[in-house]
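What follows is one chain in structure tokens, specifically the form predicted on its own.
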């Protein structure tokens, strides 16, 4: 069992949990994830590590309350326990001194982006970060991203905070200004990553995305998280989650992410109904 030592609601429907997991904290790297199972009857949930502290023996996960399983996880209180936390899984992000890196994060993707931006800055890169959400209430980790970046831009779809518009609008402006860009990281909703990929491809800018395809076992055995990259089948859990954005079959990814949409809605409705 893994003890929850800290719980914080950091946005309207976003929760942060700090969990005791000494062995995981010692091995964690930027870009890796864990699979969490609340109890023996719970679904296995893949969540990217938002932070870790080897000295304290803790890891931090941040998640949006989307389906039944994440709503259940959000109900865990400080001092409560989680049945299973497996990891770190996945291939760590390649961190080098590239020069100038633009880190683009949308919604809950900012939680994934933060440790990557931090590692890139520590490696000597100039890090320009762009984070956005639909509304001010959904902006997360602003202070942490500011600290991890050389420059930070914030957008909201409705203009309630920062610049009105999308993260891709800021990236378009940076390119138009002739800003030196050696690499782009884009992490967030699939439509956002796809738009960024299309934009940077036009300008020949190398771009990396972190994919969150349907995942079950997290070890490459089930094949549930397969994606097509460069015409080849890859498994997000072992070959990723980072991939060349310009090689991803985005249409296939969109289709696969909708596979269990009906079942997920039914489970969430049943859970909310049972709490009423």
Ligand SMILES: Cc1cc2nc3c(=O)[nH]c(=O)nc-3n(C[C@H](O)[C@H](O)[C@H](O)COP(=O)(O)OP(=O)(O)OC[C@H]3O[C@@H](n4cnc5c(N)ncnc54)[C@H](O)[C@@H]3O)c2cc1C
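Predicted model, so just to flag it, every value in this text is computed and none were measured. Residue numbers count along the first chain shown, from 1.
Missing here is the form predicted together with the ligand; even so, the following discussion is about that form.
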Q. Which residue, 214, 30, 208, 38, has a heavy atom that falls within 4.5 Å of the ligand in the predicted complex?
A. 214
Q) Any of the heavy atoms of residue 66 lying within 4.5 Å of the ligand in the predicted complex? A) yes
(Q) When the contact criterion is heavy atoms within 4.5 Å, does residue 108 count as touching the ligand in the predicted complex? (A) yes
Q. Are any of the heavy atoms in residue 44 no more than 4.5 Å from a heavy atom of the ligand in the predicted complex?
A. yes
Q. Wondering, does residue 62 line up within 4.5 Å of the ligand in the predicted complex on heavy atoms?
A. yes
Q: Give a yes or no on whether each residue among 70, 112 and 257 has a heavy atom within 4.5 Å of the ligand in the predicted complex.
A: yes
Q. If we take heavy atoms and a 4.5 Å cut-off, which stretch out of 51 to 59, 22 to 30, 243 to 251, 214 to 222 is in contact with the ligand in the predicted complex?
A. 214 to 222
